[in-house]
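Starting off, we have a lone chain in the form predicted on its own, written out as structure tokens.
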């Protein structure tokens, strides 16, 4: 691996935003049934100094300690909460959160580049998200989006990702050459713990929705990143290969792997080893999702669970040029706007 390799973390969320953001959101939620008393956007005041402190003492500090260079940075996933309120509520909230990530990227341009959340709302046409998507690409230089396949928060009332209802979003993704990370938000279904069940269920479900369809025949250049190591997908790769065969689909490498990619948000060495042994290296992007769902120290290793670079470095499967692909090369290929932005900066 070249010493010049950039360590690009494709999965970062602004989980450490100043408290004022959560306070404003709480007021918005409290006034869902009283629109006249909803807080105005102008009432949320967060200074650049507050943003700097929230990043320098948290994400940036850990990036430096752990040896990563650049994070694709999006709003906090659990805070998207698309099930709360209506489209207007989600639209206002998404715009606020996306602007904060953009401001972080402007304050720390060498370390963060933004990706957008969309103002999704249960039962609302996904095409309503297009203005925010285009604003973020045009005005903020966003290199990707987070797409929630279940805005209902664990009740799965939306059509599958293969349904034509999603096609307007996909058309814009292709037009702007941006990928989507398929990422749900908070679960409001008591059967599904948000980060321990709902996230991983959604990762697996999204993959299967794509497997049973011919989505990528309609969108051959569309790209999805399935986070958290792909949920159950790598562990059950034989099951999915067998199901594809039963459904008379092509081999998975031809059917899905030109369009679907997985990140390394897997928090133990055996899990990373399985991921990298089963999934082709060209389909794996480095990520940590820190500071995220699993923030503690693993008592078996003495290191943080989400310090995923340690697992790649310790791997006997990912060596040489393959590490460059996972750390940098694949991210540049899957996120063409990221690649262009880096090249414009001489990186």
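Note that this is a predicted model, so its numbers are computed, not measured. Residue numbers count along the first chain shown, from 1.
Omitted here: the form predicted in complex with a further copy of the same chain. The next part is about that form.
- Of the heavy atoms in residue 65, none are within 4.5 Å of a further copy of the same chain in the predicted bound form.
- For the chain shown alone, residue 105 is not a contact residue for a further copy of the same chain in the predicted bound form, no non-hydrogen atom being within 4.5 angstroms.
- Taking the partner from the other structure, a further copy of the same chain in the predicted bound form has a heavy atom within 4.5 Å of a heavy atom of residue 300.
- Residue contact with a further copy of the same chain in the predicted bound form: residue 221 places no heavy atom within 4.5 Å of it.
- With respect to a further copy of the same chain in the predicted bound form, the three residues 201, 231 and 240 uniformly fall within 4.5 angstroms at the level of their nearest heavy atom.
- From the list 193 to 201, 78 to 86, 137 to 145, 111 to 119, the contact stretch for a further copy of the same chain in the predicted bound form under a 4.5 Å heavy atom rule is 193 to 201.
- For the options 91, 158, 74, 187, the residue carrying a heavy atom within 4.5 angstroms of a further copy of the same chain in the predicted bound form is 158.
- A single residue from the set 250, 123, 131, 270 has any heavy atom within 4.5 angstroms of a further copy of the same chain in the predicted bound form; that residue is 270.
- In the predicted bound form, the residues of 290 to 320 lying within 4.5 Å of a further copy of the same chain by at least one heavy atom are, in order, 293, 294, 295, 296, 297, 298, 299, 300, 305.
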